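Only one chain is given next, in structure tokens, and it is the form predicted on its own.
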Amino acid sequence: MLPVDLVADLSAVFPADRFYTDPVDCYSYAYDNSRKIFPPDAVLFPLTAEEVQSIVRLCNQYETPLVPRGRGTGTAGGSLAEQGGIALSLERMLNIIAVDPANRVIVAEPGVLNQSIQDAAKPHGFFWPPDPSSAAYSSIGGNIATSAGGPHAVKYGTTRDHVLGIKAVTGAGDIIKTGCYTTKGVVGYDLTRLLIGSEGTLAVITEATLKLTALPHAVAGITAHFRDLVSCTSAIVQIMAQPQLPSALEFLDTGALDLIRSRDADMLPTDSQAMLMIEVDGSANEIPDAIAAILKACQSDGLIDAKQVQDTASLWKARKTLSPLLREVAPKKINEDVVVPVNSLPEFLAQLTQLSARYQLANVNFGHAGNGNIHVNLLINPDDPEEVKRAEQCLDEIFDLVIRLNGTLSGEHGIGSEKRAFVSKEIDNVTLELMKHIKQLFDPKNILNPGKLFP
């Protein structure tokens, strides 16, 4: 329940259509793609940085939790109001402030959709490389909050590599400007990269200066099917050893292929146990050599078929249907986006198969194999306590395996609430304490997204 005086102060500034207090209205902001539900006490829709600042300062005054939120597409529970308070929806901050092709820059507010940025950049021959599967309906504010990636991160990097500067309101209520408008700039600490991936725990992003990349002149796709996992993972390592990186390299295991077959039995070879979806881009002259090198890297006794495909759009459409399909076939999925070094993928996937078998759990794996980012999906019945317990034990061992292989617990989904219990596996206590001190400097009363990230 919000303090009565806080409600009065907010009502004096925000009209009813931008300040929800009815639980029915607020319920749409109670969940994200983690499928957890935590209804906020209220929802606010600011339109300017100054309005965000006034909200933050009032929440400080009344010591009320404030949870920044984009479009709620995250899978880690990062935008959930676990402690009640106010959900700060930035979805109405929709202005693209500047499109500057001469400097390869777009300046935009946090509610602008990823797809809208692409649409604004494309006529000038550019694109913004982060391409999560939710790109059509996720906001750049949310992309920045989690440092979102996607299939093309293998060549172009994640969100952290494509943001030049940020304007934001700290948890203390101060408006700050980080970074610069140019691609070179070394004045002061790199607070831009600190805020990217901080999941709304340090500051509320109100504007971002995005670095654009030239659209490639040509794009080509390749599919490769293998009789066994060993041959497939060996091909991944060989492909990534080539001088020219693929622009995307996606892996699908047997479980993922079976899901696709359930919708279209004739789409895949019946004996395929693992598949790679590969994309290369560049100049028209570069493409043939890149394709030849990749096809050669795929050659092994376990290769069924490797060939160039003409319709790369259909390739990615099929890939992006996997997560929704899992939601349909499983009462619950535990979805983890771990990352291991590429040359450790064969060992990781082999041991992952052993772990899921030992704990008697259905497991479907796919993901961005080019940078070792595998989406591990444990499919369980949440109404079976024994199976839930086995899944928790299995997940704990999976995370230990990832760390042992010099990997990381999350490549693009973030920590939120779903992974916070495991953070100390990766980050030592001294470093965690330093991070907590940074949080305190930005947000001294701990009002911004309290309880997230830290164990």
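Residue positions are given as counts along the sequence shown, with the first one as 1. Computed from a predicted model, the values in this text were never measured in an experiment.
In what follows, reference is made to the form predicted in complex with another copy of the chain, a form of this protein that is not presented.
Visitor: I need to confirm a contact call. Of Pro46, Pro40, Gly414, Pro68, which residue comes within 4.5 Å of another copy of the chain in the model of the complex, counting heavy atoms only?
Guide: Selected option: Gly414.
Visitor: Among Ser262, Gln83, Gln360, Gln244, which has any heavy atom within 4.5 Å of another copy of the chain in the model of the complex?
Guide: Of the candidates Ser262, Gln83, Gln360, Gln244, Gln244 is the one lying within 4.5 Å of another copy of the chain in the model of the complex.
Visitor: Since the chain is shown here on its own, which stretch among 312 to 320, 115 to 123, 212 to 220, 226 to 234 would lie within 4.5 Å of another copy of the chain in the model of the complex, judged by heavy atoms?
Guide: In the other structure, the partner sits against 212 to 220.
Visitor: Closest heavy atom of Ser198 to another copy of the chain in the model of the complex, within 4.5 Å or not?
Guide: Ser198 belongs to the contact set for another copy of the chain.
Visitor: Find out whether any non-hydrogen atom of Val388 is located within 4.5 angstroms of another copy of the chain in the model of the complex, and reply yes or no.
Guide: Val388: no contact with another copy of the chain in the model of the complex.
Visitor: Please determine whether Pro341 contacts another copy of the chain in the model of the complex, using a 4.5 Å cut-off between heavy atoms.
Guide: Close contact exists here: in the model of the complex, Pro341 approaches another copy of the chain to within 4.5 Å, heavy atoms only.
Visitor: Should Met435 be classed as touching another copy of the chain in the model of the complex when contacts are defined as heavy atoms within 4.5 Å?
Guide: Output for Met435 is yes: heavy atoms within 4.5 Å of another copy of the chain.
Visitor: Is it the case in the model of the complex that Arg160, Asp174 and Thr182 each bring at least one heavy atom within 4.5 Å of another copy of the chain?
Guide: Every residue of the candidate spot has a heavy atom within 4.5 Å of another copy of the chain in the model of the complex.
Visitor: Using the arrangement in the model of the complex, list in sequence order the residues of 362 to 390 with any heavy atom within 4.5 angstroms of another copy of the chain.
Guide: Residues within 4.5 Å: His368, Asn371, Asn373.
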